[in-house]
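There is one chain below, alone, in structure tokens, taken in the form predicted on its own.
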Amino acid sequence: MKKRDILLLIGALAIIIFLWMAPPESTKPVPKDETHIQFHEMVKTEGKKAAEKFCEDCHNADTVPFPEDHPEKFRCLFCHKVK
């Protein structure tokens, strides 16, 4: 084996180890209940960005507040998966 082949294998192994050690996904998925089922369908037909426009109607400081350490609120379905 050439030196570059060995370096490539070491690099690939390092990437695999790095990904293997990643923490498990910790965000809650979008529930499949009466309130959210319409958004599951919307994601399938129109995409995530169309469905995200409606999240803040309920998830805001008055009704369902966000935790203090919650990141930006305009990309909900980037973290919260629709299964």
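What you are looking at is a predicted structure, and each value in this text was computed from that prediction instead of being measured. Residue indices: 1-based, along the sequence shown.
As for the form predicted together with a small molecule, it is not shown, yet the points below apply to it.
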Exercise. Applying a 4.5 Å heavy atom distance criterion, does P31 contact the small molecule in the model of the complex?
Worked result: yes
Problem set entry | Close approach of I16 to the small molecule in the model of the complex, 4.5 Å, heavy atom | no
Problem set entry | Contact flag, L8 vs the small molecule in the model of the complex, heavy atom cut 4.5 Å | no
Exercise. Can A12 be called a contact residue for the small molecule in the model of the complex at 4.5 Å between heavy atoms?
Worked result: no
